[in-house]
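Okay, so here's just one chain, in structure tokens, the form predicted alone.
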Amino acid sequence: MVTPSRQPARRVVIASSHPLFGQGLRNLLKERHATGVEVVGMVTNLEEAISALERLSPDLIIVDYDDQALNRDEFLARFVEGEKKLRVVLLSLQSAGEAIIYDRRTLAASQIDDWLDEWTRAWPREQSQIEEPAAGQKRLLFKGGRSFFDQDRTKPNNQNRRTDMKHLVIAALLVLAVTALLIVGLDQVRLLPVSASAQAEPIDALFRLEFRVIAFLFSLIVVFMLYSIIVFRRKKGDDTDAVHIEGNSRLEVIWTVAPLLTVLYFAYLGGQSLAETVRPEPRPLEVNVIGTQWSWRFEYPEYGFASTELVLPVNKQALLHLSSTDVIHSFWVPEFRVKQDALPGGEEFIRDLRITPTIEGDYKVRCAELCGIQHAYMLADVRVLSQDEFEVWVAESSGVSDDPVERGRVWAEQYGCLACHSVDGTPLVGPTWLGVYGSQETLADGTTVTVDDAYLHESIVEPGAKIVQGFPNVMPENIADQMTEEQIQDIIAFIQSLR
């Protein structure tokens, strides 16, 4: 009977002055490689290591790179002087057990300094001089799974690939299922207010697509995380180390390029949506929108009047010219989706906004830019009417009353006076107008003044000339530039009537 020959075990010497390192590595080699590896010696200093190279004729010597007692630089200098086919492994526990190999058969002695310097700067660094073992040969594990003495793992690797593919398919199906459920759920919830303008349609379409992408990304992250926690959790009684994974360059490229392309695609869609919101239509209704702390005024130059509410005909584009008398405001009707800042500074800073209402109803203008104390209350009514109703409203609003008090009340509303001055005694940002005419007011400098026509006229034309004690100077300095002298006198008459 002929007994088949068995390949001799690889002879290994371990060099370390730390008992835990040496014994631990020896036990690990014995446990993982059985008869494929034979530890023929354990040395603790430089001289023992050099002697072991000649005396024990090892195939491999493993050096504790963190052990200063070995004088590793001197050892490597002595090691490369020999001529035997031998490899040395430098192993560092501080770098998660990774290793680097020097092969005396492929590197000259003159190269060791450059090799060691390069490796020290970028630990760990795997060398390319490692030879692949013959089929069936065992290799010593290093670098998280690739090694000298492992068994030929062609079949197990194929099996691992099939198992990995099965997990990937299951996780992918779960991601798709959760994404579908989230999309259905999001469709049942009103995340946005009603869409009431033509400009809202492309914006909402972009929002819907973004919500679906967000649902997919949420599912991708959460499903893979939970699947890994549940399926790949450590089993009871398992105290082995996990497999060390170095990374995957292909995946890194994919998850860098894919988000970049997605963002660029959404930027393209955003540009298209923006173009749709500013597309002009023939003969739009022009409205001047003026923001003032803390009210809105809407002028209809085509009809020659102004209003404190924005009234628009349905299915007809309105071209809004936005400006401000004091600070930056921002015109925003959520149901119309679009918004635009109203800037101070005159005609050169006027900004345009196009709106085509599509649903009749009542809405609210809100200021979307923090603009002072009463910012939260800077609201105005918006009404979308049929064309016939809009023409009736225009006819009613175009008439001017013969009563100066009534006219003064209208001007006070339109120019935002009532946003700061109440007419019922309620304290606001400015003094109440109720009963103020003819009274004595104490000013900020301690003097007193009688509230008469001259004082009221001066307070409108030069708001900062005399400030009532206890109130801030927030009245726009150029408010009188927007009024006629007749309108100023009408406001004074209105104040006189509030007794």
Ligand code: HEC
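All of these numbers come straight from a predicted model, not from anything done at the bench. Heads up: residue numbers just count along the shown sequence, starting at 1.
This protein has a second form, the form predicted in complex with heme C, left out of what is shown; the following refers to that one.
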query	finding
Heme C contact at Gly41 in the predicted complex, heavy atom, 4.5 Å	no
Non-hydrogen atom contact Val429 with heme C in the predicted complex at 4.5 angstroms	yes
Distance check, Pro472 to heme C in the predicted complex, heavy atom within 4.5 Å	yes
Gln293, heavy atom within 4.5 angstroms of heme C in the predicted complex	yes
Contact segment among 62-70, 450-458, 22-30, 49-57, judged by heavy atoms lying within 4.5 Å of heme C in the predicted complex	450-458
Candidate spot Val278, Val289 and Pro344, all three touching heme C in the predicted complex (heavy atom, 4.5 Å)	no
Heavy atom within 4.5 Å of heme C in the predicted complex - the one residue of Val384, Val333, Cys417, Leu322 that qualifies	Cys417
Contact set, 342-370 vs heme C in the predicted complex - heavy atom within 4.5 angstroms	none
